[in-house]
Each structure stands twice: as structure tokens, then as C-alpha cells.
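Heads up, the chain below is alone and in the form predicted on its own; it's given as C-alpha cells.
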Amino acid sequence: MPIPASILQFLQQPYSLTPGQIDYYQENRYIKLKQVLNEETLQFFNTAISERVDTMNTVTASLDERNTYGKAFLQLFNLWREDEVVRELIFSKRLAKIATDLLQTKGVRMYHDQALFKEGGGGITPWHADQYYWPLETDKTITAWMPLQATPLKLGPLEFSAGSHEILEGRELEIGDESETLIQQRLRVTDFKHIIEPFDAGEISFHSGWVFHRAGANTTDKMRKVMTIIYMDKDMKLKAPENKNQVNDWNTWCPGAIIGEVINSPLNPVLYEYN
């Protein structure tokens, strides 16, 4: 499936952030940005990513047979290595520059990508912080969460606890029933605002590795299609893993990286940098 020249050109065009937007992200560690993708680009990659997910998906169990995590979404990783068409979106300078500017770094590199397809009738995505899973030395990490369609509340869009990166409790929890219960209890006694909003078509959110977030159930009979890209500071160093999940991530997403050194494996290319 050849990519139209207009889309390739669009993916290189910068999306300009205001100083106020950067300040908002630095304070809250999440931001939602409208019209990051235009209609042509969104529809094209909705088709391309859906086809790749269909090819890669190996889950055959019904929703009733799965645990809470399994009911939350179909999860496929590193589509950029499987599909040259999808790779053009994942490696887009338009998106990587936004990540760089929000992080206030000199550049970003790939950690990995994920397709998160929440099936019709799929359950909640429990409260969690992503960086629990990552053997990364600093919090200079950011995830682009890209719905491939308009996402009203009934489809289960991403929700945020604004500014909750300041909370240390709950960082040690895997995503699951326990994290949903305990983190929700902790957030109830704080002043952090719980953001539950729909996403327009072409709207993308960016969130930090330590900000707590969740998603509601998909109460429709349609698939909620989302593509994510996890970026890290281009100078990110590997830290000694603190749990088994971080050991797994080291071996899977940055194989050959050395503790205390910049993560520069073939799976972690620089996607944007300022000269």
C-alpha cells in the first residue's frame, strides 16, 4: 500500500507548540493536542494499522475467558519493525518534535511502540504508571497516545490524574485489579484533577512515564483503535532493573544496552534531534 506523497509531506511538517502548552505539560505531565493528524493521514493509518494488527494478533480467547489486563485491550508491539508503511507514522518528525519540545530535551529516541485495540465490550484499563516497567534512569519519557478515530467516552478514551507524577505510592504496582483499587484510593485523597474527556479525530495526548492514567470500558460494539509511541530522551541511560518487568523490558526493547550507558541499540534509533 503506497503512502500518498501528501501524507509523507504532512508527517514532516512541524506542529508548533506555544510556551503555554509546554508549561502546561511540565506542570501536569500530560497534554491533549488537537489536529495533530489531519483527516487524510488519520484514515490512511487507521486502515494500515488495523490490517497489521489483524495479521499480528494471536489472541483467540473470548473476553469472558481473560483477566482484567486481557480484557483491557489487544496489545501488539513494535509495529515499526513489521510494517514499512506503519513505520512512516512511528518515525514521523512531526510527532517526535512534539515529544522533544514537551520533554525540553535536545532530542528523543524510540523506546517502543504499541497498538492498543480495545474491543467492543472490552473492560477498563486500570490505573497505572508506565515507567514501573521501564529500566530507565530519568523521567524524561513521554508516550504519544493516538486514537485512530474520534473517541467519545463510551469508547474508553485515556484518562489522566493531572500532576500525579509527584506521587510515589503506587509506582511499585503492575497494571491490574490491585493497581486500579489502590491507586484510585490514593488519588481520592489528593487534589489532583481527574481528567475524563473525549478525543476528537486527529487529537493526540502525550503523557509522562510517571503520571497515573487509566481508561474506561468500551461500552460500544465497535473497536477502539489506538496507536502509541513511547519516546525517551536521546541521552537516556539504562538503570539497573528494579523488578522482573524491567529485566524483561531491557532484554526486549533495548537488547545489548549496558547499565549506566546511553541506550543506543538498533531498536532505539534517534527519531528527532536539534542540531
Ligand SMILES: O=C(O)CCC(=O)C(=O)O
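Start at 1 with the first residue shown and count on from there. In this text the structure is predicted, and so the values were computed from the model without any measurement.
Absent from the display: the form predicted together with the ligand. The rest refers to it.
- Residues within 4.5 angstroms of the ligand in the predicted bound form, judged by any non-hydrogen atom, belong to 112 to 120 and to none of the other stretches in 94 to 102, 194 to 202, 112 to 120, 162 to 170.
- Exactly one listed residue, out of 246, 28, 228, 41, brings a non-hydrogen atom to within 4.5 Å of the ligand in the predicted bound form: 228.
- Interface residue among 179, 78, 151, 125 relative to the ligand in the predicted bound form, by the heavy atom within 4.5 Å criterion: 125.
- Contact annotation for residue 234: none of its heavy atoms lies within 4.5 Å of the ligand in the predicted bound form.
- Although the partner is absent from this view, residue 141 stays clear of the ligand in the predicted bound form, with no non-hydrogen atom inside 4.5 angstroms.
- In the predicted bound form, residue 158 approaches the ligand with a heavy atom inside 4.5 Å.
- Interface membership of residue 215, defined by any non-hydrogen atom within 4.5 Å of the ligand in the predicted bound form, is confirmed.
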